[in-house]
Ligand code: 6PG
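Just the one chain here, the form predicted on its own, laid out as structure tokens.
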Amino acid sequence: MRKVINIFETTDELSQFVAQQLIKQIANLSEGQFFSIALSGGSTPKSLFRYLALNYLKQIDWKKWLVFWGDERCVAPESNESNYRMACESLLDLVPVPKENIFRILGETDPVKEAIRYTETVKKHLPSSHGIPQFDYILLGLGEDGHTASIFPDQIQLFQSNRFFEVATHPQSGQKRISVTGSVINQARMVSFIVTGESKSEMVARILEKKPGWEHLPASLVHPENGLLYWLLDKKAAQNLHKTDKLN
């Protein structure tokens, strides 16, 4: 695994960097190949998606995308809490990704059955590496509590699950969620944490500088075995880092 930490002045600069990552990866595809991506929910990805739709409509080959989600709340797709709805309104309804290339998690159905169904969907459309589906690119967020996807610190064992998708429970609301597990995350060709805002700065520093308790946080377990790991931060999220020259 190779880890790269980039700090940006603005969210737009961060989004531009992601856009260039996407263009480069898709350009490297062979004829007939597709680009598989697992999207994240949250306010920062929403800003990223809008930026891509507004500024890279023609530069990105959207028809080659296979779109999945790393996690989803167990709600209907029209719910304001739906990661699928957010991605559609911010990106997918605005760019020419073929509808048949979009594979949403059915948050409105039985979560246990849906985790199994979605696993099979992912396995069907992605190549396998060591028996595990391999994404080209996984976008991850970071919670203020150190969670990533929908794997929370009190359920960190889900990260190590042998299953590819699991049912998680939000520790405060009790809401059920479906989440990708670490086996899939760590098999990806590229993983990018996208983290902005002062509220995330303490957790960013704890994980990247390995402060006490860091190893008990789900986000600290993200280590793509044979891929690239990017931490893409704005200045506010990176403000508590003291050793950035030694972290790469």
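Just count from 1 along the sequence shown to find any residue number. None of these values were measured; they are calculated from a predicted model.
This protein has a second form, the form predicted together with 6-phosphogluconic acid (6PG), left out of what is shown; the following refers to that one.
*Asks:* Only one of S36, Q187, T44, S201 comes within 4.5 Å of 6-phosphogluconic acid (6PG) in the predicted complex by heavy atoms, so just point that one out.
*Replies:* Going through each option in turn, the one that passes is T44.
*Asks:* Find the only residue in E114, E166, D71, D136 having a heavy atom within 4.5 Å of 6-phosphogluconic acid (6PG) in the predicted complex.
*Replies:* Answer to the contact question: D71.
*Asks:* May I ask you to check whether R104 falls inside a 4.5 Å heavy atom distance of 6-phosphogluconic acid (6PG) in the predicted complex?
*Replies:* Taking the distances in the predicted complex, the answer for R104 is no, it never comes within 4.5 Å of 6-phosphogluconic acid (6PG).
*Asks:* At 4.5 Å between heavy atoms, is H147 in contact with 6-phosphogluconic acid (6PG) in the predicted complex?
*Replies:* Yes, contact at 4.5 Å.
*Asks:* Would you please decide whether S40 lies within 4.5 angstroms of 6-phosphogluconic acid (6PG) in the predicted complex, comparing each non-hydrogen atom pair?
*Replies:* Contact with 6-phosphogluconic acid (6PG), yes.
*Asks:* Closest heavy atom of R177 to 6-phosphogluconic acid (6PG) in the predicted complex, within 4.5 Å or not?
*Replies:* Output for R177 is yes: heavy atoms within 4.5 Å of 6-phosphogluconic acid (6PG).
*Asks:* Could you tell me which of 93-101, 128-136, 147-155, 114-122 sits within 4.5 Å of 6-phosphogluconic acid (6PG) in the predicted complex, going by non-hydrogen atoms?
*Replies:* Contact-bearing stretch, as computed: 147-155.
*Asks:* From first to last in sequence, which residues of 128-148 have any non-hydrogen atom within 4.5 angstroms of 6-phosphogluconic acid (6PG) in the predicted complex?
*Replies:* Counting only heavy atoms within 4.5 Å of 6-phosphogluconic acid (6PG) in the predicted complex, the contacting residues of 128-148 are G141, L142, G143, H147, T148.
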